[in-house]
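Okay, so here's just one chain, in structure tokens, the form predicted on its own.
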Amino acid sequence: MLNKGMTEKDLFSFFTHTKEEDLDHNYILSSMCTPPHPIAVKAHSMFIETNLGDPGLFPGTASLERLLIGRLATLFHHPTAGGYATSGGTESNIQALRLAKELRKEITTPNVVVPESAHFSFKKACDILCLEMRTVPLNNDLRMDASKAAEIIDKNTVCLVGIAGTTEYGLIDPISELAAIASEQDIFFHVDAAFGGMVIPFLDREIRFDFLLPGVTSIAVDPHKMGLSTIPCGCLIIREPDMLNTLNIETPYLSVKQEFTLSGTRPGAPVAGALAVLDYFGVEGMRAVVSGCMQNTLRLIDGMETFGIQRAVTPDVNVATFICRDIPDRWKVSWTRRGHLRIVCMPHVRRDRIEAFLADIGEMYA
């Protein structure tokens, strides 16, 4: 720590210089996050000092969290579902597995069944919670093999997991089949829709992945991804709200005497930002956002295949993957574990960015 403080001018000159070292979003094609909408930033700023970890001190902000959960619960076809705002998909997934384990605490050697494509947060969750993680191989289309999942489940399985919008390939697992298996086996079924949860409901075609399926117990969704909110804002939505009380611990010196959340201090600002975007856009506005991203995804795939660069799979959401050996240096992309080029067509990846990328690719491959 400095002995003598800096002037505001010097301090923000330093910050400005440092921020210039960050990558330019115009060239970031690998991220599942995007610059927040100005409406989210404005709402975030209004609630910057709020702490949902002590909700009795901030009842107005706490009411916004309830509204946000209600909006998402309705979007997922179960308006009476409960939940809370998390720091993102990792926390939501940890809490879902924590809840599943607690509900079956008579099982001494619990396991969870996840697809090979599961986000790495499930490895963290299993390590923390001392759960055996059983991985299900994927079909040729890189989706979870439901029949093999059924074979792996046994009397010690406390949770089955399916992915709605895989991180690497943008695919949706056979959620309907998995939900049926979970119902038949009476197993907690968690759907990780951290990315897809703010995409799938706004697609032109109906894909069932949510509480319309009786077997779905919980859903993870991240408004700070396709919901254009400020970071961090995820949500864990639970079909039966009272289930969360299973996780309650005593908090005697707070304004509430019990809490089921994982984090203690929880910022209210991104919750306000997430709700602001949803209410500003509405369903029609979000459909337009998603439609634009999907159109850009299809344009990217079409353009790449014009140069002989084949898609790895046909995605369900706005993630495109290719069998490609190299890309121009100025673009920030990522590569899947199978070695495929991966690009996420987020809202900041506008059509002009797609065309600029394709022009650069054309110089390399044409």
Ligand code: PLP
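Treat the numbers as computed from the prediction; the structure is a model and nothing was measured. All residue numbers refer to positions in the sequence shown, first residue = 1.
FYI, the form predicted in complex with pyridoxal-5'-phosphate (PLP) isn't displayed, but the following is about it.
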query: Can you pick the stretch from 163 to 171, 237 to 245, 127 to 135, 274 to 282 whose heavy atoms fall within 4.5 Å of pyridoxal-5'-phosphate (PLP) in the predicted bound form?
result: 163 to 171
field: Candidate from Asn296, Thr217, Thr261, Thr90 lying within 4.5 Å of pyridoxal-5'-phosphate (PLP) in the predicted bound form - any heavy atom
entry: Thr90
- prompt: Which one of Ile301, Ile39, Met32, Ala62 is close to pyridoxal-5'-phosphate (PLP) in the predicted bound form, taking close to mean a heavy atom within 4.5 Å?
  reply: Met32
task: Tell me, yes or no, whether Ala85 is in contact with pyridoxal-5'-phosphate (PLP) in the predicted bound form, where a contact means a heavy atom of each within 4.5 Å.
output: no
message: I'd like to check something about Ser121: if you look in the predicted bound form, is any of its heavy atoms closer than or equal to 4.5 Å to a heavy atom of pyridoxal-5'-phosphate (PLP)?
response: yes
message: Given that pyridoxal-5'-phosphate (PLP) is not shown alongside this chain, does Lys225 nevertheless sit within 4.5 Å of it in the predicted bound form, heavy atom to heavy atom?
response: yes
field: Contact test in the predicted bound form: Ala194 vs pyridoxal-5'-phosphate (PLP), heavy atoms, 4.5 Å
entry: yes
